[in-house]
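The chain below stands alone and is given in structure tokens; this is the form predicted alone.
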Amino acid sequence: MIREFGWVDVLYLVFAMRWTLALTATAFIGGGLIGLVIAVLRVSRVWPLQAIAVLYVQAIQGTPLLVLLFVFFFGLSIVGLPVLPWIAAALAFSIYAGAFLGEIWRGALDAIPKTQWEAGSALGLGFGEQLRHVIMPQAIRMAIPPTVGFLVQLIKNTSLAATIGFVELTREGQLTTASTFQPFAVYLTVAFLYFLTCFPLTQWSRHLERRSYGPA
């Protein structure tokens, strides 16, 4: 039955936003762990490890996120391993985020002057100790602004999870549109909720970038 779009529907959309945020948090944590490994492998002095990291990054960045979602949700089901939409989305987004975060953090590590590595080596520190005590503390400051910027993109990209039936904000918008036949009002509300979530993070990212790269 067709009904009017009202405040109850707005509340449903607001409640669905929690699943968008939950998926974002899960993907960011999972992707962060993967990205940390990738970044360390990229700056390691063992070329086979560097090659593995490069291959991973190029393969994931060269594959549409939608394809990754379909691989985990439909592909695993074909081989007899059915997965829930939540699990498929979490895996796909974590792997996707790992490739991009790894490159962001690798760039921050590479931005540290080579003299810092040499200074750590002169102090008798091994590669791991140089990375932990000398390089990473400096790289973290550079990496925070682009990391927050990627987080904004990750929040918006979670809308693709609607294609495999995961009921986050966009999927709830689709269901609400099917009930009310008022897509303009529904998706305007959806867009506004995304804006309320992403705009503060965007401003924070710009503030951090100005503070990191601005004049001393």
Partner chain sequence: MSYTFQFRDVFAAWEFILQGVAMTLYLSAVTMVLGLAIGVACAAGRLYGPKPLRVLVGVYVESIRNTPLLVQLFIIFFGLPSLGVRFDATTAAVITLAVNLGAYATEIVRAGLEAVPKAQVEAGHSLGLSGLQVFRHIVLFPALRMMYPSLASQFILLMLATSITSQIAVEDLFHVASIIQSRTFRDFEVYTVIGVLYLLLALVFRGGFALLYQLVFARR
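The structure presented is a predicted model; accordingly, all values stated were derived computationally and were not measured. Residue numbers count along the first chain shown, from 1.
Beyond what is shown, the protein has a form predicted in complex with the partner chain; the following relates to that form.
- Contact with the partner chain in the predicted complex, judged as any non-hydrogen atom within 4.5 angstroms, is confined among 102 to 110, 77 to 85, 121 to 129, 137 to 145 to 77 to 85.
- In the predicted complex, no heavy atom of residue 21 sits within 4.5 Å of the partner chain.
- Contact annotation: residue 204 falls outside 4.5 Å of the partner chain in the predicted complex, judged by heavy atom distances.
- Under a 4.5 angstroms non-hydrogen atom cutoff, the partner chain in the predicted complex has residue 170 among its neighbouring residues.
- Although the partner is absent here, residue 152 lies within 4.5 Å of the partner chain in the predicted complex, judged by heavy atoms.
- For the residues 59, 37, 52, 29, the 4.5 Å heavy atom test against the partner chain in the predicted complex is passed only by 59.
- Although the partner is absent from the chain shown here, 71, 174 and 199 each have a heavy atom within 4.5 Å of the partner chain in the predicted complex.
- Using a 4.5 Å cut-off on any heavy atom, the residues of 140 to 165 that reach the partner chain in the predicted complex are, in sequence order, 152, 153, 156, 159, 160, 163.
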